[in-house]
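Okay, here we've got a single chain as structure tokens, the form predicted alone, with questions on binding and movement later.
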Amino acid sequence: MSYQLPDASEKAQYVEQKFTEIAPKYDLFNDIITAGMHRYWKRFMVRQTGISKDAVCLDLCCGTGDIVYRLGETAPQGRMVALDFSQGMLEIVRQRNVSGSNRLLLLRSDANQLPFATGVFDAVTIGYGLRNVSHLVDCLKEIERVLVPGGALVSLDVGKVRIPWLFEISQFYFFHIVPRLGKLLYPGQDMFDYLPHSSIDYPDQERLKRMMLSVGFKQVDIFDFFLGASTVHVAYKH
């Protein structure tokens, strides 16, 4: 039987539950399917924020904390917020915070309704998270709202390979190989079917750029990796 995505009313609960279930081996899964390249892409993301040593940053859909800890290293005098819908993912971040740094706030919340005042963050990062929000435009509006003027949103996510025959190869890998690799770690786990299927209606690089501009960002730069299979958008607030 073919996999069916959860409908809009069930998506938030489904994503929270499934990411909590795979949290303990999520980093290993990403290492396997990207041959470790996701770590380079995340370092690249943090460089693109252009933050100062005392910056205030928000990492949305923070997962296991890969990005927020890199932000903290870049801004050693700054303050970081790691926000995720999944309690299991936040628990991994908490376990990694062995020093008990009071510069890091962990928060379980919805990326579509950010519990922050307007204009408080120098940078907002989100890795493989925009595909999972219930309302993409609303999420982008919220991110733009909480950024300071001149602040940057940096998003890493799947993109669309632009060369047709390579696109077919990338789709075969994403839809057939990736789920099998994931199920070696968690047999029977359908979250690994969700991940490729969630990319079907997710906007390609140029469409996502237009959406970011439509909610008020003044400039959006695109950086493709693996010929566009993974992509970074850097959007700057007026």
Ligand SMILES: C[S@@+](CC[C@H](N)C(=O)[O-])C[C@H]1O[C@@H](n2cnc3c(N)ncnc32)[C@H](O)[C@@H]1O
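Just so it is clear, the model here is predicted, and its values are computed rather than measured. The first residue of the sequence shown is number 1, and the count goes up from there.
Here the subject shifts to the form predicted in complex with the named molecule, a form of this protein not shown in this document.
- Across the options 49-57, 23-31, 179-187, 166-174, residues that bring heavy atoms within 4.5 Å of the named molecule in the predicted complex belong to 23-31.
- For the candidate set 83, 161, 75, 147, a heavy atom within 4.5 Å of the named molecule in the predicted complex is found for exactly one residue, namely 83.
- Under a 4.5 angstroms non-hydrogen atom cutoff, the named molecule in the predicted complex lacks residue 118 among its neighbouring residues.
- For the chain shown alone, residue 153 is not a contact residue for the named molecule in the predicted complex, no non-hydrogen atom being within 4.5 angstroms.
- When contacts are judged by a 4.5 Å heavy atom cut-off, residue 217 does not count as touching the named molecule in the predicted complex.
- Within 4.5 Å of any heavy atom of the named molecule in the predicted complex lies no heavy atom of residue 197.
- Although the named molecule is omitted here, in the predicted complex none of 141, 212 and 236 has a heavy atom within 4.5 Å of it.
- Looking at 113-141, the residues that come within 4.5 Å of the named molecule in the predicted complex, counting any heavy atom, are 127, 128, 132, 133.
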